[in-house]
Structures are given as structure tokens and as C-alpha cells.
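Take a look at this single chain in C-alpha cells; it is the form predicted on its own.
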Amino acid sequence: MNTLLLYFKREWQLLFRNTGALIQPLVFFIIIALLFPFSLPAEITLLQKIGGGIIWVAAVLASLLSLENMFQSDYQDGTLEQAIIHQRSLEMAMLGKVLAHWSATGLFLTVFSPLLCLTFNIPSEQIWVLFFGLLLGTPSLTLIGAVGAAITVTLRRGGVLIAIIILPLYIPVLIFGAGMLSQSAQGLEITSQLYTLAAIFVLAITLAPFAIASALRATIN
């Protein structure tokens, strides 16, 4: 736990020194979501039906945008090599780093999502469904994406390869997250989708640190 907290704190300090890394995914998320209302007919019912799905897709794309640089700076300055040979648990160190990365990207996207819902005239009860769905889904997106970032850490332009590797794994989160909104709009129970997102998160936070550590050892060594 000391290792996790140490790397969490260190990552937050680095992120605040580079404010562009904090702002860029959020701005991209907002722009993607706002483009659709202007490009579609101004029909309230249509915007309400597709608004939640558009926000989810925007969150997925914004998460992808922030992945390429997750390990690059640490790889270039030798920090990752030191972490690999150090006695501290590499798995816990990377988990702390990834959770800090999520809190600076995915959490911000989740907090701003209710404001975007107003653009699509989404009812207030569905806004909370979207909020809690993103709160459960975005950590899974970051954890899964970190595995792809670790695999491509030695590549200078690994963003496209990360997308090819990770996007198929994002589909279940996207399906169940967007499905919560459609179920809620029809007055149906959303507990099954909610439990599925929670199960995906538990699997991701349990298995992803080991996959990240293994990928880093394989690619760097």
C-alpha cells in the first residue's frame, strides 16, 4: 500500500506540472460531444435517445487520447527501468500510477458529463444513470488501456496500435454503459448492467496490474 500511495502521489505531482495532460482529454471529450447536436436535426426526442451513447463514445475516445503518454516519460527518463529492478512491487506501483491517471482524466470526464447531458435535453433521472455508469466504467477503460500503453511503451508513435489493441476490449464497457441509459429511458431495471460494469471493474483492477507489469518487463527487458 505504501508503494501504491507513493506512486499515486508522484503521478499527481507530475500531472499538475503538465497541465496540458489534464486539459487535453477533457477538452476533446467536450468538443466531440458538442459536435453532434450541431450536426443533427434539432429534435428533442432524437437527441435524448442518442445523447447518452454519444457521451459514452466521447468518453472512450478521450480515454484513448490520454493513453499514449501514460508511460512514455517514465520510459524515456529511466524511471520504469528502476521500478522494474526495485524491490517494491511493480504491480502495486503501476496500479497507483494508473489510478492517479484515471483520477486526472476519467474522473474529470465523469464530473463534466452532467453538463453535457443538458445539451441533449436528457432527463435528470437519466443524468444520474449516466453519471454512475461512467463512474464505474471509466476506471475499467483506464486500467484496460494501460495494458495496451505498456505493450507499446517502446514505440514512439504507439497511439494507433494502442487503439487497435484496446478498442475491442472497450466494447463490453460501452455496450453495458450505454445500455443502462436505454433501459432507464424505457422504465426498466438497470441493475444487471450496473452489476456487469462493477464486475468488469473488479476484474480489471485485479488483473490489469499484473498484465501491465508483465508487459513492461517483456518490452523493456
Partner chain sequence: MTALAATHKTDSDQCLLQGHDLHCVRGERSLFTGINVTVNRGQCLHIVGANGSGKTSLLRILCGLSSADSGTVLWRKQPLANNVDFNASTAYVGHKDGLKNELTAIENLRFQQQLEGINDEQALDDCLAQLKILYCADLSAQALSFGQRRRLAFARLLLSSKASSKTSSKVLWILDEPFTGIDIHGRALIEDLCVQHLSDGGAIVMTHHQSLDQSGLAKYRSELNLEAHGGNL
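Treat the numbers as computed from the prediction; the structure is a model and nothing was measured. Residue numbers count along the first chain shown, from 1.
There is another form of this protein, the form predicted together with the partner chain, and it is not shown here; the text below is about that form.
**Student:** Is Tyr75 close to the partner chain in the model of the complex, meaning a heavy atom pair under 4.5 Å apart or at it?
**Tutor:** Answer yes; at least one heavy atom of Tyr75 falls within 4.5 Å of the partner chain in the model of the complex.
**Student:** Flag Leu118 as yes or no: does it have a non-hydrogen atom within 4.5 angstroms of any non-hydrogen atom of the partner chain in the model of the complex?
**Tutor:** Although the partner chain is absent here, Leu118 would stay clear of it in the model of the complex, with no heavy atoms inside 4.5 Å.
**Student:** How about Thr206: is it within 4.5 Å of the partner chain in the model of the complex, going by heavy atoms?
**Tutor:** No.
**Student:** Although the partner chain is absent from this view, report whether Ile85 comes within 4.5 Å of it in the model of the complex, heavy atoms only.
**Tutor:** Flag for Ile85 set to yes.
**Student:** Report yes if all three of Val57, Thr191 and Val202 come within 4.5 Å of the partner chain in the model of the complex by some heavy atom, otherwise no.
**Tutor:** No.
**Student:** Suppose contact means any heavy atom within 4.5 Å; which members of 188 to 217 contact the partner chain in the model of the complex?
**Tutor:** Contacting residue: only Arg217.
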